[in-house]
Each structure stands twice: as structure tokens, then as C-alpha cells.
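There is one chain below, alone, in C-alpha cells, taken in the form predicted alone.
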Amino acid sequence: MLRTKRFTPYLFVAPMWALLLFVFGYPIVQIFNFSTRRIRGATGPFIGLENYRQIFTDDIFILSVKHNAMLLLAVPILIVIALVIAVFLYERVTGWRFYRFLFFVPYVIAIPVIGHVFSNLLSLNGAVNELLRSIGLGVLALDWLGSEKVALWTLMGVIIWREAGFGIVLFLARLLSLNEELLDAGKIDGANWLQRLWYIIVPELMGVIEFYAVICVITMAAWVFGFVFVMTHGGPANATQVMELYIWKYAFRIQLPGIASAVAVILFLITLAAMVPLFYLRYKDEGTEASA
């Protein structure tokens, strides 16, 4: 049997870790550094937490945080939609392979393309409103992206439409590896569709559901810039302003990278705070299963 020294495996992964630290670690350290400075050009004087004080007294920043928090409401919606559709596809409805392809297509389309298409569809005189007027439902024709009341919810709907495909394929892949004898036993015992879903399928998919939940939280908290920038640019009247767009404006339009870095640090910490508990609970569950 080949014997190696204890540190030998670490030598094999050391180049990868060095590359990761350089590509991701160094920028994160610099962002933390910039957030405590008044940057002019490449650097600037140290000002402590002044940048943080300014953003926490800015009403637009508070509004951005509120909007990101509201977008998190899409996470359970995405999980439920993806789970239900995946289960129907798993039951091999007629044409399920085509439907699987159809549901996944939006996820592979570039976000700017989706943004431009839906901007035209959902404008005041766009195809959606024209269709509603033509069938006598003109009362439902709204300025979907131009109204302060509905713009954020419209944006959320477009994001859900695009992101659900990944969850559907993810859940379906896990279902296809599921032991069908469990479901057959449930049917024999008289369990209906909802009971089989809740007591058999959901527990079997719990690990995948937790993973997808983390992905959705990251998406809604720190990955919606493309949708907002293309479709609304934060408007109308900051009704769709989010933290990523706030960072972009201060970094490139207002030319205050110190402020932008401070917001980026806060967004990083929020994302980390959402991820760590989920991974910890998963790790704890795996430890409990291993000791059982």
C-alpha cells in the first residue's frame, strides 16, 4: 500500500487555493480597505467608518435594502413552483421531455435579452396590454414597469420566470434518481398525491431544496442588477432601486468608490449571513444521519 506524508494531499491542492485566494481573496480584502477610505483615483486617506455612516443616513440606500428584502419573497415561490412542476414532469406526463426543455430555455437566455424583450412586452402600449384590451380586459392593462406600485412586483415576476427553470431541472434530476419503490409503497398504503409529495418526495429532496434556497437567496440579494439595469434602471422614482444598482451608481456615475465599496461590504455580509446558517444546518443534519 502506497504511503504518503500527512501534508502531501495539501500540496496537490495548494496551487488551486493560491489561485482562489488571488482571484477572490485579494479583491475582497481591497473592498474592505476601500470602504474605510475616501478614494480619489487609486487610493485615498483613511476615514474609518465615515462611508458607512453616510450610506446609513441615505434614504435611497435604506430603500434599496428594503427592495432587496422584498425580492426575497420570491424564494419560497420559486421553490414551490420548481418543485411542483418537477414532480409533474417526473410522473411522465405526455411530452414531459419537451416541457423540460421548454421550462429550462429561459434560464439559458442572457439577462439583457430577457430584459429588453419584457420591457417591450410590458410597456404601457406593449403586447401584453394590447392583448388585454383586445379581449375586453382593458381594466387590467397597467403600466407594469412605469408604475411605482407594481414595477418591483413585475420585476420579481420576470425574475421568477427566468430562474425557475434551474430549480425544475435540479429537482427533476434528483427525482429521477429516487427509489420508486418508496412512492409505490405510498400508493399501496392509500396516500394521495399531496401526501406523497409532503411525506416522501420533500424529505428525499430536502438537501437539494436547501441548496436551491441558498442559490435563490444569493440571486435575489446580489444577482438582480442585470434585470433592474435593463428594464427599469431603478425607476420609476427609485421604486426598483436595489443595492447592486446603488453600488454601480456610486462607483461609476458619481465616482465615489469608497461609498460603493462600503455598500458592497454590507451586501457581502448579508449574503454570507444568509448562507452560513443554511450550510450549518445541512452539516448538522449530515452529522446526525452519520451517527444514527
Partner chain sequence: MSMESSSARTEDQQWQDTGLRRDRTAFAKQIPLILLALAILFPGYFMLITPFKTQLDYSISKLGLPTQFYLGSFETALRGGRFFLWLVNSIIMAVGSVVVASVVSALGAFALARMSFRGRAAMLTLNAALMVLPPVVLIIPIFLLYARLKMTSTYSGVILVYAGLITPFAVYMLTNFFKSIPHEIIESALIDGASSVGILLRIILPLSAPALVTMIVVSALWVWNDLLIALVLLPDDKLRSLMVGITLFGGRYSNDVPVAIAGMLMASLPMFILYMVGQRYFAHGLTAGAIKG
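C-alpha atoms forming the largest set that superposes within 1.5 Å between two forms make up the rigid core. Values in this document were obtained by computation on a predicted structure and should not be read as measured data. Positions refer to the first chain, counted from 1.
We do not show the form predicted in complex with the partner chain, though everything after this point is about it.
S.K.: Name the single residue among A141, L72, I85, A191 that comes within 4.5 Å of the partner chain in the predicted complex, judging by heavy atoms.
M.R.: That would be I85.
S.K.: Give me the residue from A239, A251, I47, V65 that has a heavy atom within 4.5 Å of the partner chain in the predicted complex.
M.R.: Only one option qualifies, and that one is A251.
S.K.: Can you tell me if F104 lies within 4.5 angstroms of the partner chain in the predicted complex, counting non-hydrogen atoms only?
M.R.: The answer is yes: F104 has a heavy atom within 4.5 Å of the partner chain.
S.K.: So in the predicted complex, is the partner chain close enough to I60 to count as touching (4.5 Å, heavy atoms)?
M.R.: Heavy-atom contact with the partner chain at 4.5 Å: absent for I60.
S.K.: Given that the partner is absent here, does L183 sit within 4.5 Å of the partner chain in the predicted complex, heavy atoms only?
M.R.: The answer is no: L183 has no heavy atom within 4.5 Å of the partner chain.
S.K.: Any chance V202 has a heavy atom within 4.5 Å of the partner chain in the predicted complex?
M.R.: No, V202 is distant from the partner.
S.K.: Where, within 82-113, is there a heavy atom within 4.5 Å of the partner chain in the predicted complex? Residue list please.
M.R.: Read in sequence order, the residues that approach the partner chain (within 4.5 Å, in the predicted complex) are I85, F88, L89, E91, V93, T94, Y99, R100, F101, L102, F103, F104, V105, P106, Y107, V108, I109, A110, P112, V113.
S.K.: Aligning on the rigid core, do we see the C-alpha of Y10 shift 2 angstroms or more between this form and the one not shown?
M.R.: Yes, Y10 moves 2 Å or more.
S.K.: Kindly check if the Cα atom of L269 is displaced 2 angstroms or more between this form and the one not shown relative to the superposed rigid core.
M.R.: No, L269 moves less than 2 Å.
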